[in-house]
Structure formats: structure tokens, C-alpha cells
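As a starting point, one isolated chain is supplied in C-alpha cells, in the form predicted on its own.
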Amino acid sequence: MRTHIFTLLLSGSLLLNGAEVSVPIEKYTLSNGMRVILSRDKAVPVVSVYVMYGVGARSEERGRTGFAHLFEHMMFQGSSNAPKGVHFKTVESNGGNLNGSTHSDYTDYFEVLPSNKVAVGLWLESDRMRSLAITDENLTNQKEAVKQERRLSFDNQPYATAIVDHWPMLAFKNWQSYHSLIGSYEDLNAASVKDVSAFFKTYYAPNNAILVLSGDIDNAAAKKLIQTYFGDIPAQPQPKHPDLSEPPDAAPGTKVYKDPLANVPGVVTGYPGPKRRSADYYSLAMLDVLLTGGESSRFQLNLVKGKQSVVSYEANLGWPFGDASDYKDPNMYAMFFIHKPNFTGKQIVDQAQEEFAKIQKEPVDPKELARARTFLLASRLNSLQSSLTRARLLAQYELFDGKPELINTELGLYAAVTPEQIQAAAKKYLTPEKRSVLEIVPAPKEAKP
């Protein structure tokens, strides 16, 4: 068992160039390879039991799309000692809540419980890690559940099909990154118990998992429980993760998608992003706050209120499936505008490009950057009040960087970004020749005679 202990005190005082965040962290690894992070905070008698598996949509193989998302559903179908329905009933009857989610590069599950019920969450998570009930009945049931979710959440929602299925095919040339996160009906129909069992054995092993306990815990007692529940689950051969690199000659694309469900037009535009945690990564993240962060942001002042062309917008490193915290390169800095019908998609793209050009031409005023910095720091410090948010961030830092302690230092890196660095990043990344554009045009279905 390898152990690293970071002795830290909890505080949240703002500094000139950052925030002094001191989240207590103890990190170690079980003999079966499962990484464990403990973060004690006795402010509220609550604990988050959080498990992240290093498998997401970008881990899938051709003909097996949607398996990561299918497994998010399968993980709630029962296990040896907690049959179907018991997981939900047990957590809720103990005053807790639970959920799971599928991402491009990981899948996660959690229970938030009263702190004296931490053993309940650990038992439930360990039982399904070691003995998930993969049966024909459960698989057939969840195939239909996933199809229904796709119909309700994507196929019958405006903009969703364009964003989930068509935008990635413009943004990326590598199939691993551009295939549908939720998967195709054909691949779901073809999935067999044998296929699903192999996927589970490969990716849902302790050596491909990170367990985080965040909240009102006693570290020594928690370690004993973790060893009891997870220590004897056998490791599996470390899964081979696919090559995500984009071809060097990848060219941006442009497409118009006719959306029969949209009432007003929208447009997605994006640019290939930087390497995670590089200087450019922090510079673009701060530029994004300048453009989109709050009522004083440039998009809000100049596009929504000024030109009155944009109705709403969203943007991020890794949009639409993530943000800066779980951004993994290669990825995009992308944004989505819903705009008024008297403006064309091209006009909206040009207006956004004008905002980039202003920064490319002249460095951001230090006072404006200070406002953006305060907005970012306040947002992060506020989110860290949640034990679940802390757990998720710690797992993300461990998965992508191998350094959960970044939760205490990374705000300072964002805050140290200068106007000149933002200007340089805007010139380097946000240029028209690197831009991909997806216009979403309303196309109401023809009325039946």
C-alpha cells in the first residue's frame, strides 16, 4: 500500500493573485491497484462516497458505441448482495441520495449520506464492483432504457441531435472523439451479455478506479472499512486506452443542420484547444471567463445587450461534454449561441470573432481581468463548500494529472494569468482559419394533409 499524505488546513482567504484553498488530502493505493483519496471536513455531518472509473465514450470500440453510457445504467441493476432496487432503497432509507454520469473520458457514481452511514455507501459500491448482475433480462431492460433516454433527452429536444451527433464530427477527425457519446441504436441492439461482461471485467476493475471519501470522516476508521470492502477485489490487466491524437492535417469544417424541433436558430463554433494544464490552457480558461462569466462579461454586454443579436450562449474548454476541470486534450474550446432570426449564423460567428479580435489587438484592461479573476475565484470557492464537488474535483485531478493536491494550488495558476498571456493565446488559437462552424437552422416538419 503506497501512501502520500498532504497535511493541509482548511481555509478560504483570498490572496492578491489567487486563493488560499487548503483541502485536507490523504492519498494511498490498495494492493489491488485502486487509488483512494480521503478528504476530511467536519463542517457538516455528511460524507460523499464517490467512485470514478477510467472509462468513457472515448474508450469505446467501433461497433460498441454507447457501452460506457449503457454501463452507467447497468450499474444500478443489482449485484450479488444488493439485488435490483436495493441500492436505491438502501441509500434513500438512510437519508442519502445517489446518481451516476457518463463523460468522454470517465464514468462516475456517488452516494451522499449522513456521515455515520459511510459504510453503507462503501458496501454498495464494492458489491457492484465485484459482482454486478449482468443478465439477459437486465441487459434487455437497460437497452430499452437507454433508447428511451435518447428519444426523450436527445432525439426529441431542439439542438440536441446537432450538438451531440453532428458537432463532434466537425470538431474531430479521430473516430474515438467524434462518435456519439450516447451510442447508436444498432450497436445497442447488437450488444450481448458476453460483450457487456467483457467490458465490465476490463474497465470496472479496482485498478481502473478511484475512490474518494469527502466530508465528515475519521481517516483511520475509513481506511479499515475500505480495506474490508474493496481490498480483496482482484485486479485485472490494465486496460489499453485508445490513441486520441488528431491527424496533423486535420482541417476545420462547416455544416448546416436543419433542426425540425428548433424554433429559433443557433450556431456552434469552436477551435482546437491547448494541452491540459499548459500556460495556454490557463490563459484560454481566463479568456473564457472574460467572454462569458456573469453579467459583466463581453458576450453579455456586447452581443446580448449591445448588438441584441444573441439570446443565450454557453462556452467552455471541452464544451459540450465537459469543462476546464475534466478537459483532456485533444479537445476544443467551443461555444453555442442561440440567436435572433433576423441575424444569420455567419453574422453571429463574425460578431464573436470581433470580440476575439479586440483582445488580439489590445491586451485586456487589468481592471477587467481583476473582475474576471474574482468571478472565477468566488465561483470555485463557493462550489468547494459541497463535499460532492470536492470529491469529483479530487478524482479528476488524480485521473488526468495524478495530483489531487492541485485542488489547493490551481486557483493560483488561473489567477496569475496576465493580459499579455491572454492576448497571445487569443492570437494563437482563436483564428478564423482554425474555426469549425455548425449552423442550426429551424426546419419545422411539414404538416400532414
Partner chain sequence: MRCYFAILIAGAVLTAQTVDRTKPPETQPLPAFKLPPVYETKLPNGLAIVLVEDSRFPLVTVRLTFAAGSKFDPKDLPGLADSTAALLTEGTAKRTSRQLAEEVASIGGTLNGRSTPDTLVLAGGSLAENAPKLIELVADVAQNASFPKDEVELQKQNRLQNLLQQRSEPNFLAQEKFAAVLYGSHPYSRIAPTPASLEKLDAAAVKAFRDARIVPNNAVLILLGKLPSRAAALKLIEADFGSWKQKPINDPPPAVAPEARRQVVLVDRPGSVQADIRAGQLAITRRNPEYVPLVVGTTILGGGASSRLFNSIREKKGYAYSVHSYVDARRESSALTAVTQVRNEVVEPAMQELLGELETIGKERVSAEELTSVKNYLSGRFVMGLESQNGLIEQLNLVKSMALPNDYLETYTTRIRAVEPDQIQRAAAKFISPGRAAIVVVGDAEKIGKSLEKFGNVQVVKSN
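Values in this document were obtained by computation on a predicted structure and should not be read as measured data. Positions refer to the first chain, counted from 1.
Heads up, the form predicted in complex with its partner chain isn't pictured, but that's what we're talking about next.
Looking at residue 29, you'd find a heavy atom of it within 4.5 angstroms of its partner chain in the model of the complex.
Contact check for residue 104: no non-hydrogen atom falls within 4.5 Å of its partner chain in the model of the complex.
None of the heavy atoms of residue 241 is located within 4.5 Å of its partner chain in the model of the complex. Mapping the unseen interface onto this chain, residue 390 counts among the residues with a heavy atom inside 4.5 Å of its partner chain in the model of the complex. Exactly one of the stretches 171-179, 315-323, 375-383, 356-364 approaches its partner chain in the model of the complex with heavy atoms within 4.5 Å, and it is 375-383. Looking at its partner chain in the model of the complex, residues 144, 155 and 295 each place a heavy atom within 4.5 Å of it. Of the candidates 236, 254, 81, 135, 81 is the one whose heavy atoms come within 4.5 Å of its partner chain in the model of the complex; the others do not. Only one of 328, 130, 277, 166 comes within 4.5 Å of its partner chain in the model of the complex through a heavy atom, and that residue is 130. With contact defined as any non-hydrogen atom lying within 4.5 angstroms of its partner chain in the model of the complex, the contacting residues in 229-254 are 229, 232, given in sequence order.
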